[in-house]
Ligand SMILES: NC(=O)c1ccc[n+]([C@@H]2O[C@H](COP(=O)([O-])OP(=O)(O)OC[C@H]3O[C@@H](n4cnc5c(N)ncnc54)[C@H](OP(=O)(O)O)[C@@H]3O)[C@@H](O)[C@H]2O)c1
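The chain below stands alone and is given as structure tokens, in the form predicted on its own.
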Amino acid sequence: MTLDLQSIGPIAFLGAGRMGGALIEGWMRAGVLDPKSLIIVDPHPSQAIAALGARLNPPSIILGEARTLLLAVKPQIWRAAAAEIAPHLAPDAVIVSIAAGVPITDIAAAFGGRRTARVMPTTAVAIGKGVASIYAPDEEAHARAHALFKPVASVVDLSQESQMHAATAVSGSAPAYLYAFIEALEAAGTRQGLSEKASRRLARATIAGASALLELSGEEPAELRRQVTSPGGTTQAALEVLMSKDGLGALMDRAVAAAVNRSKDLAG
């Protein structure tokens, strides 16, 4: 089953903060949705959201028009938010949740047994370069989740909900890992004598270029690494540190495992 944004609307947002706002921004950039078809419930909307022209915090009866609801509030408050909204939704409304760690059975139950999908996206949906991991046991919910994210993200389907923990650790949380790496690289450059401005520009432009080459070339990361590593050269000297027994591989294993464990804790 293949759907598009026009066929699954009106679309309601329960929460339009950083991630919900990023998704809306991506749609607007791509020109794939009229904001007038959006219904947004958020007690503290940003100026950008308020200026969209969407129906913002409308009377409860308007929620009954929504065919698809994106649950985009923080995991700590999702139950209270759902309890307030669920009674006003149409019986055939489909729920798509991006609440990290919240099991699909809990979400469906809180919304009166409505069909439900879970998605773990990245904020790069705002520029059409996001990633979205999707799990949905129901075909209609799965198709609607695809329709929401395909215009702005690379979509990865998960065969089991338990895989969502790893998807969160490898994708949902991973932009922060990269930003932390860039911070550390910039700081290392300044400690070796570069100015802060020069180190910042070198590190950021190099990472951006390497990421673009990875995407456009289709080469495996290991092959690209080999191409820039001359035997006995400076890159090899650095990689001998990064790829040592206690280096980057072991550190990433521990980091991803910590994120997976936290995701499981949030799921209860």
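Just so you know, these numbers come straight off a predicted model, no measurement behind them. Residue indices: 1-based, along the sequence shown.
Just so you know, the form predicted in complex with the named molecule exists too; it's not on screen, but the next bit is about it.
> Find out whether any non-hydrogen atom of Asp42 is located within 4.5 angstroms of the named molecule in the predicted bound form, and reply yes or no.
Asp42 belongs to the contact set for the named molecule.
> May I ask you to state whether Pro10 is within 4.5 Å of the named molecule in the predicted bound form, using heavy atom distances?
Taking the distances in the predicted bound form, the answer for Pro10 is no, it never comes within 4.5 Å of the named molecule.
> Would you classify Ala93 as touching the named molecule in the predicted bound form, given a 4.5 Å non-hydrogen atom cut-off?
No, Ala93 is distant from the partner.
> Though only this chain appears here, would Ala117 touch the named molecule in the predicted bound form if you measure heavy atom gaps against 4.5 Å?
No, Ala117 sits far enough from the named molecule in the predicted bound form that none of its heavy atoms falls within 4.5 Å.
> Quick check on this chain: which one of Ala132, Ala167, Ile107, Ala100 has a heavy atom within 4.5 Å of the named molecule in the predicted bound form?
Exactly one listed residue reaches within 4.5 Å, namely Ala100.
> Work out which of Val73, Ala153, Ala141, Ala126 lies within 4.5 Å of the named molecule in the predicted bound form, going by heavy atoms.
Of Val73, Ala153, Ala141, Ala126, the residue with a heavy atom within 4.5 Å of the named molecule in the predicted bound form is Val73.
> So which stretch, 181-189, 75-83, 194-202, 155-163, is the one near the named molecule in the predicted bound form (non-hydrogen atoms, 4.5 Å)?
It is the stretch 75-83.
> For 1-35: residues with a non-hydrogen atom within 4.5 angstroms of the named molecule in the predicted bound form?
In sequence order, Leu14, Gly15, Ala16, Gly17, Arg18, Met19, Gly20 come within 4.5 Å of the partner.
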